[in-house]
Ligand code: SAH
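Consider the single chain below, provided in structure tokens and representing the form predicted on its own.
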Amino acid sequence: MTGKVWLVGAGPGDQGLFTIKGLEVLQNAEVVVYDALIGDAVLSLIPDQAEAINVGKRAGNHRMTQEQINRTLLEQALAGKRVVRLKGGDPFLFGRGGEELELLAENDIPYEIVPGVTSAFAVPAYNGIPVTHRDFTSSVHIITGHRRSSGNTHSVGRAEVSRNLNAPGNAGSLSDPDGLGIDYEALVRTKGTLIFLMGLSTLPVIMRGLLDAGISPDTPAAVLERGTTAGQRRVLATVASLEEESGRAQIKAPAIIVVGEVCRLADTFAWVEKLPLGGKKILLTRPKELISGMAGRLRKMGAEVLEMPSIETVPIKPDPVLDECFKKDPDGSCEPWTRAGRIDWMVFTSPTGVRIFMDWFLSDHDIRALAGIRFAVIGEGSAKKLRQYGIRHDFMPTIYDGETLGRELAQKIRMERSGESGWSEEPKSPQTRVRVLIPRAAIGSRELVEELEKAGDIDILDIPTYTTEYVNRGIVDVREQIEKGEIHYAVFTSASTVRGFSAVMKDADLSRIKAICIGRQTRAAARAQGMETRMAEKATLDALLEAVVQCAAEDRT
């Protein structure tokens, strides 16, 4: 059975500019063949079950030749696979998308095209440059600044300019001593905005060509580096001075060149750097199976977010201890903890613990069997998850950590049992002992149990319901970005995610990381790995986000 190929434009880098259709196609891919200039956040969307093939084309460094890429697409499709060819920007704008379809068409392979947002328009927009403005220009022209490859009849080098540039009368104006195939005279006559893609290495040649063709040396020009990402930078100058200013700023690829009066508007219309987290790249660790709401909130405030699932929670199956607690009577009814007496409290220390327990329980029991049990949660996240099953919590500590949960819950229980307003020192009879069930991770903090045990009149069943495994997909080289200082902050929402991240990073120098942690235990785990740490004032996502914003503000000053 023949497969199918989808040619998908990934946009210029920002995950928010990846199209809805592109995401839908990517999520159903069996094979993903991707380029080097795909944004990290988009690469993180590649499904785990898909085979990811990095063809990594950069100037002067190709993992595969174009012919090898074409052959790979054909072979994967002939094997019956759903293949996504993921390309930066738009696949039909200097992306050689047409070349990749030729071999597929020759072999009757079905395919679809999913256009992408081109960097030619998105990158200037993220730098406050409108490519057209009726006070300055009414046309825009996109040109490749990449030199032609000798012997490649499909190489595109000619300016993508208005139709009238190829009209009779313009013939003979093309001078091509540099091999770029650009008609500078025609471009200058348009008086439009000129956008050169892949032209950083030939910037001196391009500027000289425009000057020789008669453009004013004072014409505004800009070079825009790594647009739509946290690393974006811009240099504003003129056609005469852009080469010098770009060199002084040590601009590196990928970058685009914009020439035209609209460049004057950049400082006025600049907006990205004004966002609270503009220019910040944040690593967000989370359990693999959870969709992070925090990532969206960080992106709305301007951050580039790299989500890295560092742990995976695996339910313990079978779980005989848990089965015994909820053993059914012969008549089919379920009386929790039938051998030891009724459960009084159930304590959840994470949303994952809630989900795994409730999924297990409801697979074989009725929710009404939990009637009469009271529920304690460690914080807002667990409370929210519990409400999804129609249950509201009865207790939440003032500080969201295991030690406070155990101490304050023990105090509440003893006060209720004693009937007094404070602690009771009188020992209780076995009939009055309170029974507490804690379904949670196999490796959980002992502080919760230790605080409950101090009360002396509480029976505790601490049951492991899931294990934590460390995962690392490895598509994005996080270690390299840490070493280069490209990640500004790492946000941790639990101590287990710190340990998982540290495990997959192994020998990386984690002292280079500024860790922003949700609570005391998480901070302690990060400090143990040598990270610089900051803790949210409260163990809530709102407080964690505020801590990130405060760090960014302090760094700016």
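Start at 1 and count along the sequence shown; that's the residue number. Every value quoted in this text rests on a predicted model; they were computed, and no experiment measured them.
Note that the form predicted together with S-adenosyl-L-homocysteine (SAH) isn't included here; everything after this is about it.
In the predicted complex, S-adenosyl-L-homocysteine (SAH) sits within 4.5 Å of a heavy atom of residue 88. Using a 4.5 angstroms threshold between heavy atoms, residue 93 counts as touching S-adenosyl-L-homocysteine (SAH) in the predicted complex. S-adenosyl-L-homocysteine (SAH) is not shown here, and in the predicted complex it never comes within 4.5 Å of any heavy atom of residue 402. Residue contact with S-adenosyl-L-homocysteine (SAH) in the predicted complex: residue 414 places no heavy atom within 4.5 Å of it. Although S-adenosyl-L-homocysteine (SAH) is omitted here, in the predicted complex none of 19, 45 and 84 has a heavy atom within 4.5 Å of it. Though S-adenosyl-L-homocysteine (SAH) is absent from this view, in the predicted complex it lies within 4.5 Å of a heavy atom of just one residue from 254, 353, 379, 209, which is 254. Interface residue among 365, 226, 393, 281, judged by heavy atoms within 4.5 Å of S-adenosyl-L-homocysteine (SAH) in the predicted complex: 226. Picking from 118-126, 433-441, 236-244, 393-401 the stretch near S-adenosyl-L-homocysteine (SAH) in the predicted complex, with a 4.5 Å limit on heavy atoms, gives 118-126. Contacts of stretch 1-38 with S-adenosyl-L-homocysteine (SAH) in the predicted complex, defined by any heavy atom lying within 4.5 Å, are made by 12, 37, listed in sequence order.
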